[in-house]
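Only one chain is included here, represented as structure tokens and corresponding to the form predicted on its own.
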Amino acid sequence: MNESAKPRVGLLVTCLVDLFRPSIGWAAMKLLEDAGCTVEVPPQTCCGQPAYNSGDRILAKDIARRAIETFASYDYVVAPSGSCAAMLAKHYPGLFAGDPVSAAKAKAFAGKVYELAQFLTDVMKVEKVKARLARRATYHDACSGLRELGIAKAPRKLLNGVEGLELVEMAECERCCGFGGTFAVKYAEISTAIADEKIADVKASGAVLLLAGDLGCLMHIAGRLSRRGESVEVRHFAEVLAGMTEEPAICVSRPKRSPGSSA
């Protein structure tokens, strides 16, 4: 494909990926480039979701304006997170209600925002990736990606094409993991109980690998698995699709920084 004809994608790495799991950012870049995109990672900050969820609309609007300006020149904005993608696509326009000019910019911006799996299948029409991993895996549907963006089929379609991977469905795959951002801090006991229910479903599936598309969920479940002494492997689906599973399973240590890190 001619370089000038390739879609220009601005990759929103996300805060958690940048700080805790940069390998997801590298995997996302590989998948997008393999699909025929030109990928760039401009200097970026948070998507604004923590401020928005805490009721700080002034800060959230300031962050949104900065993101809209930063990614203005790209054909698409892609995030390896349903949660962050939903913030940009579903909540940015509403932040500027009463400001027609800013609202119009936010709406236009929202129209080019996609979650990674959704973008690969729906926009780039990727049917199968070249990857192999001999594991029995199950998939957790993260709340924001599922309920706000309708993401369910896309990651499964791509994962089912991975050679050697047996993808099985757990009971209640759509049930919340208990993370919910600050919910896990404010209501730790309830959050832990919900995570234990999710883990019971994972174990009952017979899977040795848990996959999902949001690092917050994955870290929450991985942390609880570790405290319980369970041996289930936890990864973002992008790492599997990109064939980048050399990295140890998800933990909360701080490895090397992600592509384009501004911190």
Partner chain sequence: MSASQFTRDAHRALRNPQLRQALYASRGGFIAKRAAAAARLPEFEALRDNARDIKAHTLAHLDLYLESYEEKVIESGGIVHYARTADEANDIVVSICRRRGAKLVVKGKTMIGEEIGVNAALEANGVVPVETDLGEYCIQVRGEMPSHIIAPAVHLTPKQIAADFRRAHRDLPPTRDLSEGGALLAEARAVLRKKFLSADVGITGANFLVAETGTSIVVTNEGNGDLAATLPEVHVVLASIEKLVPTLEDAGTLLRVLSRSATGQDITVYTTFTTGPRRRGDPDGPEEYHVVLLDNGRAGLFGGEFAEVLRCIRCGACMNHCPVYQTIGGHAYGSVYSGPVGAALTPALVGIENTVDLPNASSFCGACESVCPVRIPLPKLLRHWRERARRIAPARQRFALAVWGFFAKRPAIYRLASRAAVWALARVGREAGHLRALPFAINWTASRDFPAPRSTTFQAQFKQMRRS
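Numbering follows the first chain given and starts at 1. What you see is a predicted model; the values in this text were computed from it and never measured.
Heads up, the form predicted in complex with its partner chain isn't pictured, but that's what we're talking about next.
Screening Ala108, Ala97, Val168, Ala188 for any heavy atom within 4.5 Å of its partner chain in the model of the complex leaves a single hit, Ala188.
For the options Glu172, Asp75, Glu127, Glu163, the one in contact with its partner chain in the model of the complex, meaning a heavy atom within 4.5 Å, is Glu172. Between 150-158, 109-117, 174-182, 78-86, the stretch whose residues reach within 4.5 angstroms of its partner chain in the model of the complex through a non-hydrogen atom is 174-182.
Contact here is defined as any heavy atom lying within 4.5 Å of its partner chain in the model of the complex, and by that definition not a single one of Arg65, Leu210 and Phe237 is a contact residue.
Using a 4.5 angstroms limit between non-hydrogen atoms, Pro43 touches its partner chain in the model of the complex.
By the criterion of a heavy atom within 4.5 Å, Lys203 is excluded from the residues contacting its partner chain in the model of the complex. Put simply, Cys143 is close to its partner chain in the model of the complex: some heavy atom of it is within 4.5 Å.
In the model of the complex, its partner chain sits beyond 4.5 Å of every heavy atom of Val232. Taking its partner chain as positioned in the model of the complex, the residues of 42-78 that bring a heavy atom within 4.5 Å of it are, in sequence order, Pro42, Pro43, Gln44, Thr45, Cys46, Gly48, Pro50, Ala51, Tyr52, Asn53, Ser54, Gly55, Asp56, Arg57, Leu59, Asp62, Ile63, Arg66.
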